[in-house]
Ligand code: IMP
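As a starting point, one isolated chain is supplied in structure tokens, in the form predicted on its own.
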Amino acid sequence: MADKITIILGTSNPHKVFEMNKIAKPFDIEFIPLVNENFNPNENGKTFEENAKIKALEAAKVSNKGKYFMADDSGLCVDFLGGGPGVHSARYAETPLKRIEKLLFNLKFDSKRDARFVCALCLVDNEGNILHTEKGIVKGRIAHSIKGTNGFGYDPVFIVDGINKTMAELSEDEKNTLSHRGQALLNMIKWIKSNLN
């Protein structure tokens, strides 16, 4: 039996760690959050892919343990806002609720409300070599009000295409199957199982 693969995750978001471990557990892969006060990546990339790479390389640089490091960068892209908030999704306003309120205010005169969630993942080794990248996208539209209590971030106002529910109204298993992070991570896991075992 293959040994469990441990990957240090360059994030301070406990929701992301929980979600990723739930998806990865059947595959004998465990994600451990990086606990290091020196981890302070300068997320100045223009794309999700660039920021995921910046975070993964910074995690490898500041950590004194671990062989593999991964980071994700994800966010919400709204057509009416020219693809915004995009890479600035987490910095759109001071708190998650204020971010949602600002988004709804900025969309109050738009009837189309088309949007997509994007997640980019970057896996590196402890020598700073980029091993693999993945990207996941889920299309949908922005609701007029908050619905659902699961999930985090913009989940309560993102209605998934083909399902008349917000991401926050889905069960954990449904979300992990449908979400941008779930898609990207499952593809990353396939690559890890084929190449790191």
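Bear in mind the structure is a predicted one, so any value in this text is a computation, not a measurement. Start at 1 with the first residue shown and count on from there.
Missing here is the form predicted together with the ligand; even so, the following discussion is about that form.
> Please name which of the stretches 146 to 154, 22 to 30, 59 to 67, 124 to 132 has residues with heavy atoms lying within 4.5 Å of the ligand in the model of the complex.
Result of the contact check: 146 to 154.
> Please check if E50 has a heavy atom lying within 4.5 Å of any heavy atom of the ligand in the model of the complex.
Taking the distances in the model of the complex, the answer for E50 is no, it never comes within 4.5 Å of the ligand.
> Wondering, does R99 line up within 4.5 Å of the ligand in the model of the complex on heavy atoms?
Taking the distances in the model of the complex, the answer for R99 is yes, it comes within 4.5 Å of the ligand.
> Using a 4.5 Å heavy atom cut-off, state whether E43 contacts the ligand in the model of the complex.
Output for E43 is yes: heavy atoms within 4.5 Å of the ligand.
> When the contact criterion is heavy atoms within 4.5 Å, does L104 count as touching the ligand in the model of the complex?
No, no contact at 4.5 Å.
> Quick one: which residues from 43 to 76 get a non-hydrogen atom within 4.5 Å of the ligand in the model of the complex?
Result: E43, K55, D72, D73, S74, G75.
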